[in-house]
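Take a look at this one chain, the form predicted alone, written out in C-alpha cells.
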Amino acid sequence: MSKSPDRSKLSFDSKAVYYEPEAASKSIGTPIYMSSSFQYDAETYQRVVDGERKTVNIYGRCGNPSEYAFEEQMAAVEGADDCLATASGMAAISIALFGLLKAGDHIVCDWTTYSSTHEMLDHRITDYGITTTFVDTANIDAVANAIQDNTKLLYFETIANPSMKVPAIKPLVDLAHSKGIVVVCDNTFASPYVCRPLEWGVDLVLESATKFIGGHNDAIGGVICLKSGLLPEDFIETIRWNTMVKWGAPISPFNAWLLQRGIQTLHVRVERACQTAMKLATYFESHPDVGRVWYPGLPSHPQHDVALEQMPKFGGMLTFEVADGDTAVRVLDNLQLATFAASLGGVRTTTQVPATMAFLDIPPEQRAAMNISDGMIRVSAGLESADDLIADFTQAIEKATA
C-alpha cells in the first residue's frame, strides 16, 4: 500500500509543503542535480532514439531532474495538468507566445502589463509578423471590439503591474473561447496562493517564479502552466522541445531547487504579505500627503467586487501616489527598513518608482494610458512588522514633503 497521500484531495497548504521523497535516498529534501550531461547505456540510447525524452536524462538543456521536481510541485499548487520551467519570467512569456503564434496572427492584450511584455508585443514581436491591439481588459466590450478574424490570443495579468487592475477572468475566458482564442494570464503579482486562473478557465498561466514563488530574491526562473482543453495535453512538451530547447532557455538546476524550496513556504509568506499590504493600503489612504491608493482589498478600488470573487486574499502588492516623481524618489531614498529596489515578492519589503524604473522605456503617452503617473510608488509587502513599516513610511514621507 502506498504511503503517499492523494495530492488532488489536499488543501493548498499541504500541496505546497508535500512532495514525494527522492526515490534513491528517500530524502525529504530534493537533491540538486548539478549535471549538464548524463551517461547513456545501450538501453537508454535506444529509448531516446525511439522518441522517449522527458523520462530519460539526455542533456541539461533538454531537462534535469531538479527541473522536473520543480515543475511537478508548481503544477500541483497551480492546479495545472502540466508545467514547463524556464530561465526567467520573460523566457516563460516569450516561449509561450512564440509556441502559440506564427506570422499573420493577432493578439489582444491589456494596456497595462509588465513593461518588458508590453515592449515585446509593441515592438519586437512585430518583426515576426505578429500584431497586437492593446485595450482595457476590464472593459469586456473593448475586448470584443478588438478581436479580429486572425486573433489567436488574449493576454492579461491577474493583477496588473503596477496599476493593480483586476480584470474579470470568467467573462474574458467565455468571450475568447467562444471564438477559439487561447487565453494566457500572467499571475505573477497574485501568485497561486492568491489566485489560480486555471480554475477560471484560463488555458496557460505564466509566473515569474523569481518573485513570490521563490520569495527570497535569490533565484531567477519562470513557469508556464497548462490546463488542457482548448490546448492539447502535449502542448507543454511540444514547446519544451520545439521552442525552449531550441532557444536555449532552460532553468538552472540550482535555481529550480531554490524555487521548489520556496513553494513550501509560499502560503505562509504570501498570507503575511497580504495582511501587511492591507494595513499599508489603509494607512496610505488616510495619509494627507498621499493621493490615490491602488489595492484590490480597498472598497475604493474600481474592481474591488471582482477581486472579492476571484482572489479574496487581495495580494501583497499595492501602489500609492505622491505629488510628483521627485517627491517619490525622495520618499524611497529616505526609507530605512523598506528597500528601494527593482524586484518584488520577497521577504523584504521592496519599493520602486515604476514610471522611471520598470517603465522607463515606455513612452509617456503610453504610460498615461496605463495609468502610471510619475509620482506613483509601487510597494511589495514583505515579512517585516506592519507597524515598523508604517513608521518607516511615515518618516520617509515627512522628510520628502517637508
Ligand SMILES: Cc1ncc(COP(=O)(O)O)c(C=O)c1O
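These numbers come from a predicted model, not from an experiment. So that there is no doubt, residue numbering starts at 1 and follows the sequence shown.
Quick note: we don't show the form predicted in complex with this ligand, though the next part is all about it.
Work out which of L172, L318, I220, C185 lies within 4.5 Å of this ligand in the model of the complex, going by heavy atoms.
Residue within 4.5 Å of the partner: I220.
Would you mind picking the one in S163, S88, T151, Q303 that has a heavy atom within 4.5 Å of this ligand in the model of the complex?
The residue from S163, S88, T151, Q303 that makes the contact is S88.
Spell it out for me: taking this ligand in the model of the complex, does every residue among E157, F189 and T210 have a heavy atom no farther than 4.5 Å from it?
All three within 4.5 Å in the model of the complex.
Could you tell me which stretch in 88-96, 237-245, 291-299, 253-261 has residues with non-hydrogen atoms within 4.5 Å of this ligand in the model of the complex?
Only one stretch qualifies here: 88-96.
In the model of the complex, is there a heavy atom of this ligand that lies within 4.5 Å of any heavy atom of A69, even though the partner is absent here?
Close contact is absent here: in the model of the complex, A69 is far from this ligand, nothing within 4.5 Å, heavy atoms only.
Using a 4.5 Å heavy atom cut-off, state whether L344 contacts this ligand in the model of the complex.
Residue-level check for L344: yes, a contact with this ligand.
With the partner left out here, check for me: in the model of the complex, does some heavy atom of Y114 sit within 4.5 Å of this ligand?
Flag for Y114 set to yes.
Can you tell me which bits of 253-270 touch this ligand in the model of the complex, meaning any heavy atom within 4.5 Å?
Residues within 4.5 Å: none.
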